[in-house]
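In the structure tokens that follow, the same protein chain appears in two forms, which are kept apart as structure 1 and structure 2.
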Structure 1
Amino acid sequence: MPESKKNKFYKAILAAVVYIFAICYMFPVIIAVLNSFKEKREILISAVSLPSSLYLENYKTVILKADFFKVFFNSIALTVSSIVLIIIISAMAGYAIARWRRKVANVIMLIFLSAMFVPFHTVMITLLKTAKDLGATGNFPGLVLIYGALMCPTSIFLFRGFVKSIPIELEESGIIDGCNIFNLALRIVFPLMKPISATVAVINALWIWNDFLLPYLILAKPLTIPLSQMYFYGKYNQQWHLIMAGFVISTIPIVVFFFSMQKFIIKGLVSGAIKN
């Protein structure tokens, strides 16, 4: 049939266009990787040529000068501890708001949700002042607590929605078996929360890992990956061979994380976005 032949041809052209576009889309990443293997003078000659050899000196410089491994572990510790805190406080609050039969529960939810209208930059200056007053600046525990405060509204909302979808009969049977409310939460409700906790973890992990401004204000030292790259950039201005090596080495961990949990991350982001 000529119709379907034409259709097939059309589809093949379309696929080719998409593939070419995809390759162009990766161009910035390809350019960064290529130039990370060049010496400075090689980039000056051309920034779009292939590297003449596998020159690894740039990576060595970045790892040593930016103290990469220390910074990397700081970022991991910061992200993991913030997420653990966010999950614990949000799961508790989300459960309580979903089950508490008082009007005040909805009011509390609204107070938390109103934060979503407020841009970070509106509280940025006074948050730094308040954090200083409370001794929460210049250290990781302070930063973790602030992440807990700023990231909990969305997470509480997600946990609350999840708890509302659990049939209350489960908890009622727990009460008949003699559980008090703390046992009820701990033994019956929280174990059911694993999937929603994973969603909350994924949404927050990418954000905290890549966040620049809050750690920049609170820590004021190059202690996480984005911060250390910013300082490094300021120090080695125009030394693109080093900056590109910095890009590659600091992007690898998050890309590996993404590939290992791809399905999960995309599901989490979609459900997070839709519920918002």
Structure 2
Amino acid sequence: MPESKKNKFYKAILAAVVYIFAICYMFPVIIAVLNSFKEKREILISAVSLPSSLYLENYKTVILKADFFKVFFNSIALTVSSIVLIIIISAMAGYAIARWRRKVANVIMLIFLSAMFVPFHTVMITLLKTAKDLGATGNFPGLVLIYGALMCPTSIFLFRGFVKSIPIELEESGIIDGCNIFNLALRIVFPLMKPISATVAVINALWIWNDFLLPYLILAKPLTIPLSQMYFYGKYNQQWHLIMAGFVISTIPIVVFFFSMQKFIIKGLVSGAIKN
């Protein structure tokens, strides 16, 4: 077999494998979307069949009974506030650690990295007790601070790697032109951090938007979308048609956000891996 035909054959095999994995990955999502347009009895008969008709009453029920618009804007406010806090703290810390030319900087980074390997469930009880003692439970600001504390180590690691890929000569030129450390960071370094900032924003948004456990522990009220979905889970009866409709509605915003920021994610991760 000629070399060109052999390469085409291998590429075709690779493409087929990728498509198969993509279909397997998307299959549960497709089933959820199809079942969101069915009545409950139709789901019980067959969960993998096409809907006999587009039953839109499920979406109407979810929006009304779960007070969807209120929890939707609550989730947006929580996600945006947490991301802004995480990016501000992580960008400053990552920049400082990357430019600090002492061994203690590596020790500090190692401390941050060690926090990434501690399972959340091992500190969950202690975290909840500390939050209660500080009055951080039952309100959004307390939850935002907790998200910032939990997600900053990973974000600092990403920012540090990205800053190391920025030529130091740019900052030296700014110093020659009379920039102090604050103008140097605000006018030269931070504008270059847009790709990694978008990457950090998407990574954290995916977790915060879909997180159930922390809002359940801290807020204990159906104030976010994941908590509002509990309304359709009964002890002896699950309303699967409404659960699927709620899943579809709550997933659309984060999917749109992810695809709108996709090019920045790739650029940010690749740029941060150029230089260590």
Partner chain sequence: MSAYSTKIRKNDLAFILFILPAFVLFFLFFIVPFIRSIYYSFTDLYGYNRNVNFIGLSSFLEAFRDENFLTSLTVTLKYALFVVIIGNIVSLALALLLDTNIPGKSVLRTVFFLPNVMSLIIVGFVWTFIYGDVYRSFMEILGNPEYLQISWLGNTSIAIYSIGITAIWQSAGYAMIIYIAGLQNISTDIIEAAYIDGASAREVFFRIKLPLISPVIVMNVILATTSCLKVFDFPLAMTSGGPGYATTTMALYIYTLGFNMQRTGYATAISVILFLIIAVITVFLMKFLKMREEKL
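Note that the rigid core is defined as the largest set of C-alphas that superpose within 1.5 Å between two forms. For residue numbers, the reference is structure 1: its sequence is counted from 1. None of the values given here were measured: they were computed from a predicted structure.
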### Task
Name the structure that is the form predicted together with the partner chain; the other one isn't.
1
### Query
On a core-based superposition, does residue 249 travel 2 Å or more at its Cα between structure 1 and structure 2?
yes
### Query
Once you line up the core, how about residue 214: does its CA shift reach 2 Å between structure 1 and structure 2?
no
### Query
After fitting the rigid core, is the C-alpha of residue 60 off by 2 Å or more between structure 1 and structure 2?
yes
### Task
Would you look up how far the C-alpha of residue 16 moves between structure 1 and structure 2 when the rigid core is overlaid, in angstrom?
9.9
### Summary
The CA shift of residue 42 between structure 1 and structure 2, rigid core aligned, in angstrom, is 6.3
